[in-house]
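What follows is one chain in structure tokens, specifically the form predicted alone.
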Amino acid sequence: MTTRAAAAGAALRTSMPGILLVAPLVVFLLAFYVIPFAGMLRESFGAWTGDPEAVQAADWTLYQYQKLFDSARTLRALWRTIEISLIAVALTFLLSYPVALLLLRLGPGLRSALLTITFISLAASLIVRNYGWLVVLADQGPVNNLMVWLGLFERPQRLVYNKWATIVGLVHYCMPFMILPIYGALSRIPRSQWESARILGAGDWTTLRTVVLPLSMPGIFGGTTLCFAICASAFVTPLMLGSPATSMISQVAAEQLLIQLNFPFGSAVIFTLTALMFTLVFAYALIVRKVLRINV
């Protein structure tokens, strides 16, 4: 027993530096995510009487979730959120993967410059970005003027305050979060893998499809998962570039929490969105691991 206790003490002393490094992060997550989220989950089982102070833990009920699934407006917003998020993630991937490949092929100077631009874009205010898109996509904006000049349309088209304007804003915001993980995964692929495929007679497209793409799947999985979470929880971008007819589920939750002060229903909406996101990400990881046989 003494030997076991000594071994356990030695193991604890060995792992103590790692525990101390992780402890601030654990405390931060507990204080600002786990505890508030647990309180919101408890709130979602409350019965709303119009007075936020009247909700008691003893009043737990599934009424808010029944109300959510009986509300056609909420279900449409939930489905619209998933649809917009999936389209935005797919477009972000199609635009970001070539950029990551380009970063891999550039010289050190150009690569550093492009990476610096990518990092700087993360510091730009989201509101400023969206106002920029409002100007670019306006009825008399440069995009409309170019299309009229090219003869694609006889008169300017309404390009803002719709679903596709929201998607454009989300893609613009998410691209750095997609480029960096994919570039990290590509940079870890040994050059011998590329050269072996070429020696065996594979062309550029075959090498990319059969060698590079599967080996970069961990970066793709990380980038697409992160971008999906960002898009599904987006609030400012759909508020500024969309319209009430294209509102996403975060706007429904904000309306219930901030305007209607219906905290139980707003909490139920947020928890449903979170649970749905975790379910989709879990299914995505399962497909990648079991069907594609790729470890992520």
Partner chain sequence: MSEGRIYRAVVTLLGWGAVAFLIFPVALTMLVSFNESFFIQVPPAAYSLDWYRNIGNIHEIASATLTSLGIATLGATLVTLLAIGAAIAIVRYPLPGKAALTAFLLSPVAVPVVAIGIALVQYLIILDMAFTWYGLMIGHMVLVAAYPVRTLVASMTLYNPSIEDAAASLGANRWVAFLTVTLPQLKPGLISGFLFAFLISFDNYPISVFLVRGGLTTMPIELFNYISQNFDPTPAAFSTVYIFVVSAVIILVERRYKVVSLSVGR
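Only a predicted model underlies this, so the values are computations on that prediction, with no experimental measurement involved. Basically, rigid core = biggest C-alpha set you can superpose within 1.5 Å across the two forms. Positions refer to the first chain, counted from 1.
What follows is about the form predicted in complex with the partner chain, which we do not show.
Stretch-level contact analysis of 82-90, 148-156, 67-75, 180-188 against the partner chain in the model of the complex, using heavy atoms and a 4.5 Å limit, identifies 180-188. The closest non-hydrogen atom of residue 63 lies beyond 4.5 Å of the partner chain in the model of the complex. With a 4.5 Å cutoff on heavy atoms, residue 239 counts as touching the partner chain in the model of the complex. Contact between residue 165 and the partner chain in the model of the complex is not found at the 4.5 Å heavy atom cutoff.
In the model of the complex, the partner chain sits beyond 4.5 Å of every heavy atom of residue 246. Heavy atoms closer than or equal to 4.5 Å to the partner chain in the model of the complex belong, across 124-138, to the residues 124, 125, 126, 127, 128, 129, 131, 132, 133, 134, 135, 136, 138, ordered by sequence position. When two forms of a protein are overlaid on their rigid core, residues whose CA moves 2 Å or more are considered shifted, and residue 275 is not one of them between this form and the one not shown. When two forms of a protein are overlaid on their rigid core, residues whose CA moves 2 Å or more are considered shifted, and residue 245 is not one of them between this form and the one not shown. Core-superposed comparison between this form and the one not shown: CA of residue 285 displaced by less than 2 Å.
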